[in-house]
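The chain below stands alone, shown as structure tokens; this is the form predicted alone.
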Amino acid sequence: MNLVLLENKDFIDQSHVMIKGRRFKHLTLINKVAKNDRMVCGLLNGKVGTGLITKISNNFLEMKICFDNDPPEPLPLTLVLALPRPKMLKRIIESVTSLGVKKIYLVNSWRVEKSFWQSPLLCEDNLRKYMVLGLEQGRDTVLPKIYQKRFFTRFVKEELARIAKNSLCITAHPKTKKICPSGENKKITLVIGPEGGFIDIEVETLEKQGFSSYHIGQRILKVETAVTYLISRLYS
């Protein structure tokens, strides 16, 4: 745990918190903290600082908190992702959150299995759990916003142009001649398809909204690998 993420309900007074449950177990069993140790802490959707451990018992610990820094700058990227299988989605959400992505649109596609949309993972509390793990990994405090869009064509035609305004618009697609640019380091809207990629009519629909298609080489990657690779390439 690179950052202890705190919420208002953790405070027992103005400057002290009590940590229980998953975070307590991780800090004591994995981080092996002791009294008077200092930890990097952050307030959910707020500032970052340090916590001095003042007490450890069998099932909780207390820390004195001081917040004095802003969280890392968000990555200027909007991710539009065809809904992957739930196990893969868990890893993607955690990974892109740790990288600083703050806007994620989960969209339907012809190759997305209908059953994926019935997954309990898509409920707000479950998505939040994996975002929190990503924040703890990346020493960040600001939760991303995740939007679910069940109708691909309607979303692309009616909403995506507004969402992508004044950004570099990229569709990751293996069946194109152009190699993805690198080191752009600016506002980008990145669209990534499902396993097997978007079908031709979906690519054409995106192109009509100003999205150019790029590939990332001869190798065909899993979606979770492609997502992190593309983000790293675009923001090298």
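Just count from 1 along the sequence shown to find any residue number. Because the structure is predicted, anything quoted here is derived from the model rather than measured.
What comes next is about the form predicted together with another copy of the chain, which does not appear here.
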**Asked** Is there a non-hydrogen atom of residue 138 within 4.5 angstroms of a non-hydrogen atom of another copy of the chain in the predicted bound form?
**Response** yes
**Prompt:** Even though another copy of the chain is not shown here, does residue 18 get within 4.5 Å of it in the predicted bound form, heavy atoms only?
**Reply:** no
**Request:** Look up in the predicted bound form whether residue 212 has a non-hydrogen atom within 4.5 angstroms of another copy of the chain, and give yes or no.
**Result:** no
**Prompt:** With a 4.5 Å heavy atom cut-off, would you call residue 8 a contact of another copy of the chain in the predicted bound form?
**Reply:** no
**Prompt:** Which of these stretches, 162-170, 119-127, 149-157, 88-96, has heavy atoms within 4.5 Å of another copy of the chain in the predicted bound form?
**Reply:** 88-96
**Complete:** another copy of the chain in the predicted bound form has a heavy atom of only one listed residue within 4.5 Å, and of 45, 176, 182, 54 that residue is 182
**Prompt:** Taking heavy atoms and a 4.5 Å limit, what residues of 70-85 are near another copy of the chain in the predicted bound form?
**Reply:** 72, 73, 74
